[in-house]
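The chain that follows stands alone, in the form predicted alone, written as structure tokens.
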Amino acid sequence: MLGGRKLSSSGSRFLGAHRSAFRGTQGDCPRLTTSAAYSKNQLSWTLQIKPSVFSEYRIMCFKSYSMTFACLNRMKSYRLPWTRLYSTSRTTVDSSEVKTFLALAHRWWDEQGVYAPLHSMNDLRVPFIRDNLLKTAADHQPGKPLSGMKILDVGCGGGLLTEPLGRLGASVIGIDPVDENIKTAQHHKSFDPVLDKRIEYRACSLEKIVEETAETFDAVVASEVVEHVIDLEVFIQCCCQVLKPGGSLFITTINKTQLSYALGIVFSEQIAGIVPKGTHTWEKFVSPEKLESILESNGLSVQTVAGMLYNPFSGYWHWSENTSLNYAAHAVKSSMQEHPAPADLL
């Protein structure tokens, strides 16, 4: 109410000022004339204004509106110097997943802790990566079969898979969006001078390094990662872009089945406590058929899909023809087409 009274009084003063101005300059400014017409059913007031007066008021109104909109446009286009536009349409990192792994960053190298299944998984995934890469290698050094190969370990965590690949002679870059994971990985590799030279860690997402590492790597490894990304298709596209023609992509993940929900989430997380609650989201699980479709559409030819089973009582993994739970996939990026020889043209 107070605001309304103040506004009314100020409005009255404004109108009064204009009224007195018109009265004092009758010779210069046209007069405003009003006439009242009363009818039986209604009372109407007709305001008669000369065209020149209306034109002046219209010009004044337009000027005030144009000044107002110009000011608003300047305010809209102005941004604080420390802010920048950021598009999340290309991101693959889920912030909720980052929080989950941040809380467990200090437990990566506890072989009896929550990451015990990943430690045991190395018995399968390291030979799987090594043997498939050696199929394309002309020769290799004894003891360092992956020497000369450059590998990108996406979502490396504390370096559980990065270090074994480095010991096989490969030059490995491990990336992870959780800064604490990278700190743990760097600290652990510092104890081995050989690994310190072969392995490099970066705290970043995959899409952040696509441009600077395009067609750089002989292999990309995404082990137990794709079930945590927010956009699987963008993730696969980025993997393909950083691979050399003929390079290999290795993925281990969880199938999207009722059995994987019952054992992978209900039993493993809620009953047995093998992994912390909230580690996995069933909606993000992907079937081998869907994964193969995404890989093929991005120029990657699937070579192998093999089932993996984990025994929680013995703590060991073994290969299986059944892919309804965990599985591993190997795909190869199509090579660039060679220029045809003259004989081929004929």
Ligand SMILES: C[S@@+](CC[C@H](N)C(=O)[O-])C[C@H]1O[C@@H](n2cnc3c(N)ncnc32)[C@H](O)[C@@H]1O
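Don't overthink the numbering: it's just position in the shown sequence, from 1. All values derive from a computational prediction rather than experimental measurement.
One more form of this protein, predicted in complex with the ligand, exists but is not displayed; see below.
The candidate spot formed by 157, 176 and 223 lies fully in contact with the ligand in the model of the complex, as each residue has a heavy atom within 4.5 Å of it. This chain appears without its partner; in the model of the complex, the one residue of 198, 125, 256, 189 with a heavy atom within 4.5 Å of the ligand is 125. This chain appears without its partner; in the model of the complex, the one residue of 118, 274, 209, 203 with a heavy atom within 4.5 Å of the ligand is 118. Contact check for residue 92: a non-hydrogen atom falls within 4.5 Å of the ligand in the model of the complex. Taking the partner from elsewhere, residue 229 is found to have a heavy atom lying within 4.5 Å of the ligand in the model of the complex. In the model of the complex, no heavy atom of residue 217 sits within 4.5 Å of the ligand. Contact annotation: residue 250 falls outside 4.5 Å of the ligand in the model of the complex, judged by heavy atom distances. Of the candidate stretches 257 to 265, 164 to 172, 148 to 156, 135 to 143, only 148 to 156 contains residues with a heavy atom within 4.5 Å of the ligand in the model of the complex. Residues of 279 to 310 include none with a non-hydrogen atom no more than 4.5 angstroms from the ligand in the model of the complex.
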